[in-house]
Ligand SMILES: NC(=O)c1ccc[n+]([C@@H]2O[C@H](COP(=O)([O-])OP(=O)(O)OC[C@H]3O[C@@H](n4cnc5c(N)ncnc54)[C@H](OP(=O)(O)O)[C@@H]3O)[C@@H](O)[C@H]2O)c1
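The data below hold one chain only, encoded as structure tokens and taken in the form predicted alone.
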């Protein structure tokens, strides 16, 4: 009997996922579109903006078709998924329409204005059997795997508490982050990272113990704040601070009974940045310089894998827990008006 060697035909390799970009935001220009172009399983098909001129500015640089209007992008039959870097206040309208048009959605944080809105979008994604994923890219950076390994090995002993800051100096006054109707304010922006990191390390059952929020009287948005989050199960707490009116901070710190881990530039390292993690122990401080990593490409790979493996609800519990805690922060915070 003659045996035949079977080879995999190139035609059997998975087709690239065709993606469109809905909006010409800064984060899309600086990080996400370059990461899309550098992701083997993705094909950039089109970029949409409210004006054709703006869309063409982006496609002249990155390629793809320039599309005027978001709905025109969603009506295209040659797109499987969309990346949505629009302000949070516009998410529900366009994400629901994208899902109705049969597109998988990869969206910038925060997903929703509140937990009720988040639930509507997640329900629609489940009904349509489509992936809806939020871009907390920092979780895919290898520096955090190093941190989790130190915790697993008990390097700092039993974890006692977490502290995390994310804040930066005032933005341009016309920045959309100061627009209440667009979901502006520090809670859905800077605080979202600190809340996300707190849940990552301490669990999804966190509740708001107290919160102090400072609002701009004229713009009616939160510009800075702090809060204590706690787990009713373990009793562990996280202390978070955030804002648009602060000296720049972007870090978290894990405090154990015999040591401490400090991770700087923890949320927004660019792809060429080499992060540093410091571990304080009774015998002294140890500093580790870790490799640069592209967490933008890595989270896109996760998005692709969820689509390919039909894991439509893989991230839904995390999305809902995140939105629930941000909503509680907005509702329970003690508000003080300034300016």
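Positions refer to the first chain, counted from 1. Remember, it's a predicted structure, so these values are computed and weren't measured experimentally.
From this point on, the text means the form predicted in complex with the named molecule, which you will not see here.
Peer 1: Pick from 200, 214, 176, 255: which has a non-hydrogen atom within 4.5 Å of the named molecule in the predicted bound form?
Peer 2: Flagged contact: 176.
Peer 1: Tell me, out of 182, 208, 151, 126, which residue has a non-hydrogen atom within 4.5 angstroms of the named molecule in the predicted bound form.
Peer 2: Going through each option in turn, the one that passes is 182.
Peer 1: Work out which of the listed stretches, 216-224, 247-255, 156-164, 129-137, brings a heavy atom within 4.5 angstroms of the named molecule in the predicted bound form.
Peer 2: Contact criterion met by 129-137 only.
Peer 1: Please run the contact check for residue 24 against the named molecule in the predicted bound form: heavy atoms, 4.5 angstroms, yes or no?
Peer 2: So residue 24 counts as contacting the named molecule.
Peer 1: Contact with the named molecule in the predicted bound form for residue 105, defined as at least one heavy atom pair within 4.5 Å: yes or no?
Peer 2: Judged by the heavy-atom cut-off of 4.5 Å, residue 105 is well away from the named molecule in the predicted bound form.
Peer 1: State yes or no: in the predicted bound form, is some non-hydrogen atom of residue 49 no more than 4.5 angstroms from a non-hydrogen atom of the named molecule?
Peer 2: Yes, residue 49 lies within 4.5 Å of the named molecule in the predicted bound form.
Peer 1: Going by a heavy atom distance of 4.5 Å, is residue 92 a contact of the named molecule in the predicted bound form?
Peer 2: No, no contact at 4.5 Å.
Peer 1: Do any residues of 81-105 have a non-hydrogen atom within 4.5 angstroms of the named molecule in the predicted bound form? If so, which ones, in sequence order?
Peer 2: Residues within 4.5 Å: 85, 86, 87, 88, 90, 91.
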